[in-house]
Ligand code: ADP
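Okay, so here's just one chain, in structure tokens, the form predicted alone.
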Amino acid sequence: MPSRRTGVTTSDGSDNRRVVPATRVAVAAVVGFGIVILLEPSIGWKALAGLVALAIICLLPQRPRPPKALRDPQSRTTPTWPDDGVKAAVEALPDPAFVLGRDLTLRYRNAVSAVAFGPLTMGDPVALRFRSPEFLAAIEAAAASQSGGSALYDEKRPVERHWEAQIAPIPAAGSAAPHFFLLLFRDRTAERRVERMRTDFVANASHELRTPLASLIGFIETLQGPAKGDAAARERFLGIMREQAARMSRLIDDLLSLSRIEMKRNVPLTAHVDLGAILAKVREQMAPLAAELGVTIDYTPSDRHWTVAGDTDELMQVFANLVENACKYGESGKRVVLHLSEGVEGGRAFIDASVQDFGPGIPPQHVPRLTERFYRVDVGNSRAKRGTGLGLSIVRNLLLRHRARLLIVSEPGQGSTFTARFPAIGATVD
């Protein structure tokens, strides 16, 4: 007896519909129309003809519908999810990686990607997470060509990150067309940051050198022209030219110093030095400058040896820079204090060497950027005090070489304290 199927097709393509015999359908139709005719005799022969036609249709043999897997050959050969071998290989990758289907929906991801990009739901399009039209267009084109490709993806929040993404087809056994694509991300944030720093450095250095050079050229032209016979003007201009030349010399010396420091950053320090002796020498060295500015430098030596691993000349340069800045920019406080102390941080012993002034202090928005090259809180004031904008950058890099840190605490109107924190001898440093 022919029968009809009712219901739905399952997600794997199998036909899961319930079978209903055609005779039951015919009997139900006859009974239903009979009731309608009894209730409404006016329907008459038209209703009876429709009833007969419906019964004949229901009694005709019905050809069963084949399962979806048999109707669509592609569905039998295209897997929905990657196998365990692909998953294991993706999980072993050290960088964030995703396995995408042909329609660019997520089919698998490794644990590293969850840390980098947060939670994603399997089966969702990657466009729900990566909302850059250029990036999505690039991976769509690579997937469509089935030959792979690369694209750049930048994020601004929660932190700025720069990624290079590579998309490559995953070969499928027995099929010319890939079933899945590997989307691999590589973090290029550090490289972009270094590139930006290099660009900024060249631009800033060029600007700093161009200004005194322009002054020199202008004064030379004036002395060769209108002021050629003016002895008073010549004497005044020569003094300014000498100052501008000295400024360029200081800048070049600082640039060379930075270059030497960076070249030696990873060279291990084997010598031991006494920070107390270094601070005493710096105080003596800076005494003429302090006297010129009307500032006193207070330091009370002790019998104790504050020993750290380091280079004497480099640490002299660190504290000379810090004391010079304290005398110049904290001049209104009339006093600079040098101090040594010790403590424990994270289970590791340290020694602090601090330089404190009582000047106007530094607004809090400037403090995080003080060690950037050429960064100045007040450009005019810095240049008037013969600053190059590289002093604290040199200090920071020298301290990095000594596995030390620069801590800055400043309160407007109260002064600033710059502290070099060194690991104590025998303390391990990460």
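Here the structure is a predicted model, which means the values were calculated and not measured. Start at 1 and count along the sequence shown; that's the residue number.
The protein also exists as the form predicted in complex with the named molecule; that form is not presented, and the subsequent description refers to it.
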At 4.5 Å between heavy atoms, is A326 in contact with the named molecule in the model of the complex? yes
Distance check, L390 to the named molecule in the model of the complex, heavy atom within 4.5 Å: yes
Exercise: R376 in contact with the named molecule in the model of the complex, heavy atom 4.5 Å: yes
Can you check whether F418 is within 4.5 Å of the named molecule in the model of the complex, heavy atom basis? yes
Residue stretch of 318 to 326, 267 to 275, 283 to 291, 177 to 185 approaching the named molecule in the model of the complex, non-hydrogen atom distance within 4.5 Å: 318 to 326
Sequence order please: the residues of 335 to 371 with a heavy atom within 4.5 Å of the named molecule in the model of the complex. D357, G361, I362, L370
